[in-house]
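The chain below stands alone, shown as structure tokens; this is the form predicted alone.
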């Protein structure tokens, strides 16, 4: 039997009805299903499966009901698989979750008839190095951010690309993002917008204390290293805005293109600039 994994945004009351209808559709089309804990809560279902354990059940499809944050969490959980993700936008902006609720079932029908589009998005692999040892590793779809905590003091950082020093400077932090993440925190920090299919990484300083420091785009095969030179109070490494760890003086964060990728299921391709026009009123006066 084919099987779908369902991942939902928490605290979204309308999902009780949406999930009941979705499960009825899946059953009518001979699909089994797995519910993550947030989905199970809406249906009072007893058998939830943790998101990190879902890939071991080898579902044929992942259905994400929520916003971009829910999709980012699902993408990391399924990063090392080739299972496509159908993401339905129940949030506000929805740069990644382009499919509106009204297109959920037409997209599922297209998937059943092998007519849906699959868009591959590259991910970034990040490693935290402390005293020469790898402390932790992550795969990120959007970005990895090294930034100060609550005190309004800048940190001291240096950036290397392929072991060559780029610059040392004071700033609130540094964003290393994928092309997909170029429209996330990177965009808010005045970084460039990059087409999702470009093989590149973006390095964007956050409020640098130098007029000469600007965002840069590097080849996707490069390794970007951020060195924590000075710690004013608290410095954190944040992955996709969801996972965080406090850094220490002399820590290194190495970022490079990941072997993993995310496969997004689309009813029909929408295009980056169509999304920018509809979400951010791109090009309007």
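Residue numbers count along the first chain shown, from 1. Because the structure is predicted, anything quoted here is derived from the model rather than measured.
The next section is about a form of this same protein that is not shown, the form predicted together with a further copy of the same chain.
Although a further copy of the same chain is absent from this view, report whether residue 242 comes within 4.5 Å of it in the predicted complex, heavy atoms only. Yes, residue 242 is a contact residue.
Taking any heavy atom pair closer than or equal to 4.5 Å as contact, tell me whether residue 131 reaches a further copy of the same chain in the predicted complex. Answer no; every heavy atom of residue 131 is more than 4.5 Å from a further copy of the same chain in the predicted complex.
Verify the contact flag for residue 85: yes if a non-hydrogen atom of it lies within 4.5 Å of a non-hydrogen atom of a further copy of the same chain in the predicted complex, no if not. Taking the distances in the predicted complex, the answer for residue 85 is no, it never comes within 4.5 Å of a further copy of the same chain.
Report whether the minimum heavy atom distance between residue 176 and a further copy of the same chain in the predicted complex is within 4.5 Å. Because no heavy atom of residue 176 falls inside 4.5 Å of a further copy of the same chain in the predicted complex, the answer is no.
Counting any heavy atom within 4.5 Å as contact, can you tell me which stretch out of 168-176, 134-142, 103-111, 121-129 lines a further copy of the same chain in the predicted complex? Of the stretches listed, the one contacting the partner is 168-176.
Suppose contact means a heavy atom within 4.5 Å; in the predicted complex, does that hold for all of 3, 43 and 52 with a further copy of the same chain? Checking in the predicted complex: none of 3, 43 and 52 is within 4.5 Å of a further copy of the same chain.
In the predicted complex, which of the listed residues (231, 48, 26, 217) lies with a heavy atom within 4.5 Å of a further copy of the same chain? The residue from 231, 48, 26, 217 that makes the contact is 217.
Residue (of 79, 116, 90, 194) lying close to a further copy of the same chain in the predicted complex, criterion heavy atoms within 4.5 Å: By the 4.5 Å criterion, the partner-contacting residue is 194.
Sequence-ordered residues of 33-48 touching a further copy of the same chain in the predicted complex, heavy atom within 4.5 Å: Stretch hits: zero.
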